[in-house]
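Same protein, same chain, two forms; see structure 1 and structure 2 below, as structure tokens.
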Structure 1
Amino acid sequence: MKLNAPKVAPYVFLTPFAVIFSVFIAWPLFRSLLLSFTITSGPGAQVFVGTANYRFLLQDPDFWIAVRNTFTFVLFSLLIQVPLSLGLALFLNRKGLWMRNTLRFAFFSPHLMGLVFASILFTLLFAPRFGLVNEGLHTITFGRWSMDTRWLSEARRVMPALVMVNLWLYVGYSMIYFLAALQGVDPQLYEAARVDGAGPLARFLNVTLPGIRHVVIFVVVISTIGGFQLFELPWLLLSNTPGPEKSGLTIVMYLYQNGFVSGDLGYASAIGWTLLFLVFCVSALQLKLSGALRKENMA
């Protein structure tokens, strides 16, 4: 058997990937599944408890707070992020726009900062009394917005703050996708629509949207999966706490707290597997609703 034969080659090519994947993803994942049926504590204490962790999870109010927060975050991020970035992309896509590349870079540049460094920066920007966020709002509301507003220590402001940073980081990123997709829409279709007398809205609904549907779905699914894994942003912004009244507690943070603050890796694993299940369901639902799983769209 020749290693270079077309029959064998794909397996050879996939081998390094497969080996690392099995050892560093599949095996730990399997271990964590086993762990999720135990309660662990300290060095080497591990008690098999069957499905008790999962049963407790269903009635654990904190877990549901985390689920609610995570869903809120994902929902609001998507509801603002997708239209905003699509809007920016549509505007930028206009012909003869002055400084287009500069503007595009301006929107995209926050993404280059990355989550961790952005969190460090925003702990200062959200500070009461001198934070830039308050200063900006103070200026544009002509002084009605209080400089003493404490973004990160008032329960009702934490989620808006998280969504804000998230938008800052990712609007430009999804905008790039939309921009590329828009450039891929056949210009003749617009012409045809124009000839048919379609207004801008009709053109958007009938030509643009169908033309970029795949990208919209892609962005929504990727953002959803990313949103469900929200951890570093609130963890760093809220200085390693779930925030006032647990307003910044997310599912992954709850997992982390249980596993690495309380030391119950078993329960943490159960949370992880529940999260996995949730993410899977939501993404599958999104794909299903959008018809991306239909036969003709596969492969």
Structure 2
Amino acid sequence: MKLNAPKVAPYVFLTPFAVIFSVFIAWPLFRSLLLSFTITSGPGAQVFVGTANYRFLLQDPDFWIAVRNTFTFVLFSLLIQVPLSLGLALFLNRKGLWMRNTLRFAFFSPHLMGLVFASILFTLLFAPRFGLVNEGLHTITFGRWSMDTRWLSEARRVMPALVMVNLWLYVGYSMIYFLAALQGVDPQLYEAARVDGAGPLARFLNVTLPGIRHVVIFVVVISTIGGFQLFELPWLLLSNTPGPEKSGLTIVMYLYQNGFVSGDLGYASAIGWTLLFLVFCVSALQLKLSGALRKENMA
């Protein structure tokens, strides 16, 4: 039987991807879904318990602490990160700005440092008495801010500290997307708006925002997903603990503790699938509210 090469060729090229996807993504996902209905105490010790893991999860106060902390982090990160990134992009997109390319790289470069480096750096910056964060706040408040403030040892200050480090890491990253979007806005629209007598605010609201709307939605969604995956930053900053009064406990940290510290991979899988459901619901809600899922926008 003679093979038809043009018909077979696409399947030949797709086979490596299909094999890798099946082995490293599809099968682990399916396996974790099965594990979520079991209690495990090792690779060979599994007991099927149905939906017991999910029912216990919804009654576990530690899980709801992790959910509250994660949502708080995501909310405050978005409220500050997106406007700040957009503001920086608008500033650095100005023609004739001195050292524009250098400033762009300077704001983006913290993202290249990595979470481990950032954690070590900010552990020193948040240190009481000699940390630069306390020293800076002490200076600008004319001595009203205490130099003995313990950012990582006081429950009410842990979340602001995490948000600050996250902003340092990712404001420049989001700025790059906004810069690319701003450069795609037709300059003739600005000229037409000026001719019509539109001021800077009117041009921003009626020309800039509509022109970069889809990028704004994209940045908000990916930042939300990244916020829900928060783990390494608090884990390293808080010395491998959830922090004072569990103020740094996140959903992924809670998953890690149950799956790799306690050893119950079944319960950890249930946490993972619950996290997936939460991320899907929040992202879908964001897209719905932004109008990105309307039929006219999909066309």
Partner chain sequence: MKKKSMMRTASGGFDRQAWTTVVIWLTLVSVALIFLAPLVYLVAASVKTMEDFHRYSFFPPIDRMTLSNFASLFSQMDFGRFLLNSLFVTCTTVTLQLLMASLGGYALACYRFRGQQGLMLLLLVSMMIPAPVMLAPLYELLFHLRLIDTHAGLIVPGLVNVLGVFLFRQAMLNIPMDLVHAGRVDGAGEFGIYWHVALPVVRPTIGAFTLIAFMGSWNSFLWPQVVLQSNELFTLPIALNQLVGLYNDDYGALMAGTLLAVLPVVLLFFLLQREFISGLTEGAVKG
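Bear in mind the structure is a predicted one, so any value in this text is a computation, not a measurement. One-based numbering along structure 1's sequence throughout. Definition used throughout: the rigid core is the maximal C-alpha set that superposes within 1.5 Å between two forms.
- It is structure 1 that shows the chain in the form predicted in complex with its partner chain.
- After superposition on the rigid core, the Cα atom of V12 is displaced by 2 Å or more between structures 1 and 2.
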